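What follows is a single chain, given as structure tokens, in the form predicted alone.
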């Protein structure tokens, strides 16, 4: 692999709804999309708690006018961030961004020989514009954040573009780091994964802050899984405790395709996470997984849709939340089975572990079944650590604090164990243990 080398910074403007590179340098379809999104953002109203998709949400933090576009970071800060961008030990490639600016890239030389495209979004806009245009934000926002997705489309400057050709399997994971530095700034990270027929790939996105300053992140990832392809994607959200974060995922799966999407949610003051999984072909499968650690006054607002559009499709959602202090979580999920989607199997399970009397967990599972001959179930539970389990561990010499930590790790680890890539799974477990260390 080539060594990581800092890349030259991109020009940043002063308006949240302006382009980064000059408009003349961008493809026409992209500039038109941004202009249309700017108009949509200005026309759409801010959500209110009267909206079904925003029930129980804290909307006070969501004013984009509080933030300005992120500025390029100083060279000495770049060096610190590059040194801290340590993720998967054996990866096939790595991209490092800070404040929507490419800092470094590291790619296995053998990867390009297979036809795999792995590059910054800004580069793909010039070198593979037509291909990119077929996949960029093609899924309509249906879970409440249309205004903020318009903001993202109008403001996006940088991110990752991953294209895997037909029949190609990438054995080692790819990963991207997205850093937020400074104060009062906004970033708009974007990830696009396109896996053609019969291909296979694993990718990990890291979202991290350089300090505890107040900032905003408004991100989108699009996963396009072709016929018989397999995509395994992980999002590790570890922004600062003062960051406002909105992130929307849209996954589409063709016949016999398989998508695994796992979110490890750790940081942020207010985090809104929307995840749509659309099963478009017979035999398609989607596994939607999330593990969340919430403490202090953190709030995690998670909205999901499992949309079955073809027969003999399968989806399985498992979300687990561990809540300390005055933390709050919301999980509102819907399984929708369209009239033609017979022989669907769809499952939804939400589990909340309450570790403080002041914590609040809200679960709103739902079903909308328009087909016959289906198997669907949903359920949610909220509880505390079992007293007998705690007593058993203490009776064997384990201090109460360590016992709490071990039980909490075991509770959340059920989610991580579902991820099929062992290398990534072990790194997730290491990250989770570090997050629980102070409790």
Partner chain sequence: MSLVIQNLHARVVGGQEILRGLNLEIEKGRVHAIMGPNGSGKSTLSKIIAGHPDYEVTSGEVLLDGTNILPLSPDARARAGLFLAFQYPVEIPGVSNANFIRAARQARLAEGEELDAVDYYGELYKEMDSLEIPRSFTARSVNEGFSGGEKKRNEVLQMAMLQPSYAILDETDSGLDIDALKIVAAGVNAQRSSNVGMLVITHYQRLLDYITPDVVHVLVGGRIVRTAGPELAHELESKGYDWIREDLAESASA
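Numbering follows the first chain given and starts at 1. What you see is a predicted model, and the numbers here were worked out from it, not measured in a lab.
Separately, the form predicted together with the partner chain exists; it is not shown, and the next lines address it.
S.K.: Sort through 26-34, 40-48, 54-62, 381-389 and report the only stretch with a non-hydrogen atom within 4.5 Å of the partner chain in the predicted complex.
M.R.: Flagged stretch: 381-389.
S.K.: Residue-level question: is residue 66 within 4.5 Å of the partner chain in the predicted complex, judged on heavy atoms?
M.R.: No, residue 66 is distant from the partner.
S.K.: Is there any non-hydrogen atom of residue 375 lying within 4.5 Å of the partner chain in the predicted complex?
M.R.: Result no; residue 375 lies far from the partner chain in the predicted complex.
S.K.: Report yes if any heavy atom of residue 406 sits within 4.5 Å of a heavy atom of the partner chain in the predicted complex; otherwise report no.
M.R.: Residue 406 belongs to the contact set for the partner chain.
S.K.: Although the partner isn't part of this model, could you tell me whether residue 439 comes within 4.5 Å of the partner chain in the predicted complex, counting any heavy atom of the residue?
M.R.: No, residue 439 stays farther than 4.5 Å from the partner chain in the predicted complex.
S.K.: Counting heavy atoms only and using a 4.5 Å cut-off, do 88, 110 and 115 all touch the partner chain in the predicted complex?
M.R.: Judged in the predicted complex, none of 88, 110 and 115 sits within 4.5 Å of the partner chain.
S.K.: Who in 386-405 is close to the partner chain in the predicted complex, meaning a heavy atom within 4.5 Å?
M.R.: Residues within 4.5 Å: 388, 389, 391, 392, 393, 394, 395, 396, 397, 398, 399, 400.
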